[in-house]
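Form predicted alone, single chain, as structure tokens, below.
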Amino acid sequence: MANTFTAAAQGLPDETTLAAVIGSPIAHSLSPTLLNAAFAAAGLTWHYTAVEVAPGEAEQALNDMRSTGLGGLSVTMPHKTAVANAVDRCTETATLLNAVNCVAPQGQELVGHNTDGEGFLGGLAHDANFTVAGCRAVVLGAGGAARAVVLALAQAGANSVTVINRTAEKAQETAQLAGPIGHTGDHQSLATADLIVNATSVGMHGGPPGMPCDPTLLHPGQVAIDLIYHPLVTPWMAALKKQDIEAHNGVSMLLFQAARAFNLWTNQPAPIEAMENAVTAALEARSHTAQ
């Protein structure tokens, strides 16, 4: 694997700084599209590649990152917890979530970050111009994405965060990340929410069919975010829009978590417009292929 983390192995000039994403499976990742567009727009001699890393081999990938001087590493399933346990230290957010999706070299240390929550909040502001402070939020689901969103909403000053999940124990564990404002609930909680976030895989291309909740339980004036981005418009989003309810997909969360990684690695502001144009084009092409 170490050889993969070198410019020469990628057929690139020696002066190129390499960054990578590890996961399994990884071929579907949009991170190379996002980050290579960012590096090009910023005029940086960086290149980003996707590397298939089997379960159990994340620690070796980090050792290879050290030995090759890799400029940055993104981490996706199933390695987020293993990497959190293998870096030199984690940020407070990554520690609370016990999950790392971005590793940044800092001096002699590898620091584990979790940029999902920042990505969610950035996307929410970008798409809906929504103010989290004082809001009542409902999160559908209790997995890794839900946990990041719940923590981010609490840290951004939400008034209440209610978690709805089929498994009560997991709902409770996730709600606890919000501290005293975190609660579990049922679909009756949707009526009084300002913000509803689908953090389940229901409606995803190749995932469980259907909708994460009955769209008629929502009403105009609320904002709904579906963290799914393939398809670009899920059945749930389509139904909500027919009811004149503002609904957005997960593209912007993907965009802004990648933008934060770019910033951590390069110490430069991310070229958001170039990244957004690149990922939108890639997703539109993917949607056409899937039809």
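These figures come from a predicted structure and were not determined experimentally. Quick note: we count residues from 1 along the sequence shown, nothing fancier.
The same protein also has a form predicted together with a small molecule, omitted here; what follows describes it.
A.B. asks: Is residue 143 close enough to the small molecule in the predicted complex to count, meaning some heavy atom within 4.5 Å?
C.D. replies: The answer is yes: residue 143 has a heavy atom within 4.5 Å of the small molecule.
A.B. asks: Under a 4.5 Å heavy atom criterion, is residue 201 part of the interface with the small molecule in the predicted complex?
C.D. replies: Contact with the small molecule, yes.
A.B. asks: Taking heavy atoms only, is residue 89 within 4.5 angstroms of the small molecule in the predicted complex?
C.D. replies: It does not: once the small molecule is placed as it appears in the predicted complex, residue 89 has no heavy atom within 4.5 Å of it.
A.B. asks: Does at least one non-hydrogen atom of residue 205 fall within 4.5 angstroms of the small molecule in the predicted complex?
C.D. replies: Residue-level check for residue 205: no, no contact with the small molecule.
A.B. asks: Which one, 188, 216, 129, 167, lies within 4.5 Å of the small molecule in the predicted complex by heavy atoms?
C.D. replies: Checking each option against the small molecule in the predicted complex, the one that comes within 4.5 Å is 167.
A.B. asks: Counting only non-hydrogen atoms, which stretch in 193 to 201, 81 to 89, 100 to 108, 175 to 183 is within 4.5 Å of the small molecule in the predicted complex?
C.D. replies: In the other structure, the partner sits against 193 to 201.
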